[in-house]
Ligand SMILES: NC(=O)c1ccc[n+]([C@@H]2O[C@H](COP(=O)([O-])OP(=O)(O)OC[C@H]3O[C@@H](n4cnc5c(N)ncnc54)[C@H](OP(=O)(O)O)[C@@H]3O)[C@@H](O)[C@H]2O)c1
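Here we start with a single chain on its own, the form predicted alone, put down as structure tokens.
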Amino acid sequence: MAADRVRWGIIGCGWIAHAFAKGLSLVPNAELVAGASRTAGKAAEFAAQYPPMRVYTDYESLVKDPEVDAVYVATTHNFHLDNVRLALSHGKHVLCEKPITINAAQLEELIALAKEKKRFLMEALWTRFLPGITKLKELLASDVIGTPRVVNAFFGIDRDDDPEHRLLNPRLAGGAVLDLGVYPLNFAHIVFGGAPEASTSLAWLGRTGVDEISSYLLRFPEGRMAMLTSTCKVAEIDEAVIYGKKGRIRVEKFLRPVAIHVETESGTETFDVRFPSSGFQYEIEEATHCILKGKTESSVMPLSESLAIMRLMDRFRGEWGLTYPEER
């Protein structure tokens, strides 16, 4: 690997891979060199938009490419374990789209393998790296609303009733909690600085057997609470509100913040936190920096945080009786 840059390959060339490629183009010490898709013609079509890059029709060829230093895994949830395992086993650093696996046992396996191979591994939870989240942390640290006591976050999108859609298909590890709930759960961890001491949940399972609406109640130390919901059955909304003794902070589009409103007795102050391009450049910058520095994980998105949230989602699915085919 060159001392001043990281050469990236992409496994899976769907829409989210395009967001990654657009973000990567803004990172000076990162270079996109290869892409792989098992769908005929998809990798070539993808590569034509981001030249020059090599094209592969199987993932093993990409991870065997000596000019690929790191791999971004952009496949559906059910394939993450196999894809990350393949890349790590061939000595590649890995950034894997959220959720990094479908359960904690799978993630524990990958963490052990990354440690064995001495390779960087991180869940691509882009929210944690965005300018709006950095600004939010600064505001919370300034005590502008006092100690945050309650978080309320809701993330919903509207999807049709096609049982083959990735959000509704159990074979693709579908359901609201893994794809959408991971965002409010991470947001609560960001605000309160760690994992909850107690939790419970409720869900409605649709006709395909996955959660189409799910809510989570978390209690953090010192009586701080988070009330969170995710669903794929309503019109798009993603807003979070943090309440403290002195006021509240309202975050528009909290998984990709565009504006933060601080509301106190003195009035309302608004911060514009919009970002250029896809916004994926910030997580790529972090991963690239860590790899060039010889780090095996990020302090912003540590593996311990990914594992804690995965264990929460495991617990919730256990409460609902939701398992995926590969878990049975």
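Keep in mind the model is a prediction, meaning the values are calculated, not measured. So that there is no doubt, residue numbering starts at 1 and follows the sequence shown.
The same protein also exists as the form predicted together with the named molecule; that form is not shown, yet it is the one meant from here on.
- The partner is absent here, but in the predicted complex a heavy atom of F79, alone among F129, Y243, F220, F79, sits within 4.5 Å of the named molecule.
- This chain is displayed without the named molecule, yet in the predicted complex the stretch 30-38 from 291-299, 61-69, 30-38, 262-270 comes within 4.5 Å of it by heavy atoms.
- Heavy atoms of K98 reach within 4.5 Å of the named molecule in the predicted complex, making it an interface residue.
- Using a 4.5 angstroms threshold between heavy atoms, G23 stays clear of the named molecule in the predicted complex.
- Contact annotation for L228: none of its heavy atoms lies within 4.5 Å of the named molecule in the predicted complex.
- Under a 4.5 angstroms non-hydrogen atom cutoff, the named molecule in the predicted complex lacks V84 among its neighbouring residues.
- Taking a 4.5 Å heavy atom cutoff to the named molecule in the predicted complex, the contacting residues in 40-76 are K42, Y59, A74, T75, T76.
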